[in-house]
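Just one chain follows, in the form predicted on its own, and it is written as structure tokens.
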Amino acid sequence: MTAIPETRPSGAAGFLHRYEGLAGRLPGHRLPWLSALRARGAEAFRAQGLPTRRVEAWKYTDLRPLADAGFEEPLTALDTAPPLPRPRGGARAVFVDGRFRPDLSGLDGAALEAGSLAQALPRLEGRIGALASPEELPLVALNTMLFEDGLLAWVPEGTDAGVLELVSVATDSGRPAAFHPRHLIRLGRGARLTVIETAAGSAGARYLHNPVYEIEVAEGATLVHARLQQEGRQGFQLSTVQARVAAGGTYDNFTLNAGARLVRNEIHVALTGPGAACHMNGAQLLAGGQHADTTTFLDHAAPNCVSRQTYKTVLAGRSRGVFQGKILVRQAAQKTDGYQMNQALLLSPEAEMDSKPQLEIYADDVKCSHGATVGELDHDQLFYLRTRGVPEAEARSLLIEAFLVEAVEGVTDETARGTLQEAVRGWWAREAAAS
């Protein structure tokens, strides 16, 4: 008799199957409040499933390739040290396949409390899920029911904690793997912190990286959050940031998407106190069949707040970029100053860009604007450089860097800005050489 191979469920059913199999082994399973929270996540995910293009917020991004991959296998902890990006200075927290690696990290002497979320779970009741509710977003629900670890970073009141590196590396286990880190970052009143985040993965690894961030910026505090996404080309990254900024606080976010097969970068920021500010800038460098979706929601809930958004996308080959940005100005948010711009540069006739900027304003004393442009390289500028002896690949690279300058220079922290500029520099030359 021929044995019939076991058929494992895929898509949403596969993730629920994994949750049911791991429920008694997940970190914190003996904590009643956490078990209840995970059950809420599972119930919400069972009701919503993986979003499809019939959902308005997902009309430009198709998750069927992810659903077909079957990421239901549990992860196996590795003791080996994978290749890591060179240190940028300051404290460093390293996660391998979603789990904190103290042997690869460097947090001794840091001017903040930072370490493994899993180890701190007994004292985090009321913190996890305070900003990212599983009932609101399906990927948050998925993370809530399956997260195993993450970064816990708390900066005391009035402390300048300098730079904290957050490094996430995915290894190749030979089978589709998924990890769902939960990162909690909280700055006390008047505190400062720069987080430089790098996400990378093995070139041929098939994996899903589904991080959720819950960020609290107290009165007068400043958080610079620079994110460099360089996942492996067979990987998927679906990230959700939920941030709340109190009076006089600033949240400065920059995301550079330059890797992965499919990316969804979703950012929700609420300005809850007078004089709060948010800068959300980013760049997407896409080639081949890559798909990158940046979706932002900025909630002006208090008066005299300022927000700035500038996102730029460069597309080559058959790549596809998406930008969806919504600014909500509530009735109480008088004197709001909001600006949003999305620009795309097409390097191929087969590339595609979808842009959907939105303003929803209920206050009458505001200054808000948005815009979107899509174009190609200026042939006159390219011709000018070529006639001066600049090789074509180098000339294109120079023009692409010039196109991205505005977005990258919006990063206020010098260390973070240098890291991002280094990643952008020579991107087109590398892509041209690879093709």
Partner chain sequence: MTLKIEGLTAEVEGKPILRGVDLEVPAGEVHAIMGPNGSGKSTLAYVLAGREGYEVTGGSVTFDGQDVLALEPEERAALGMFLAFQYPVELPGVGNALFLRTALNALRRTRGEPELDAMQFLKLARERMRALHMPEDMLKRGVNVGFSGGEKKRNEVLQMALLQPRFAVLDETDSGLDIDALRIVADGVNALRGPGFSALVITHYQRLLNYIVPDRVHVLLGGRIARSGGPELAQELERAGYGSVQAAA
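Just so it is clear, the structure is predicted and the values come from calculations on it, not from any experiment. Residue numbers count along the first chain shown, from 1.
The same protein has a further form, the form predicted in complex with its partner chain, not shown here; the description that follows concerns it.
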property	result
Listed residue that, although its partner chain is not shown, lies within 4.5 Å of it in the model of the complex (heavy atoms), from R53, R64, R388, R30	R388
Contact flag, A57 vs its partner chain in the model of the complex, heavy atom cut 4.5 Å	no
Heavy atom of E43 within 4.5 Å of its partner chain in the model of the complex	no
Contact flag, A402 vs its partner chain in the model of the complex, heavy atom cut 4.5 Å	yes
Q381: touches its partner chain in the model of the complex, heavy atom cutoff 4.5 angstroms	yes
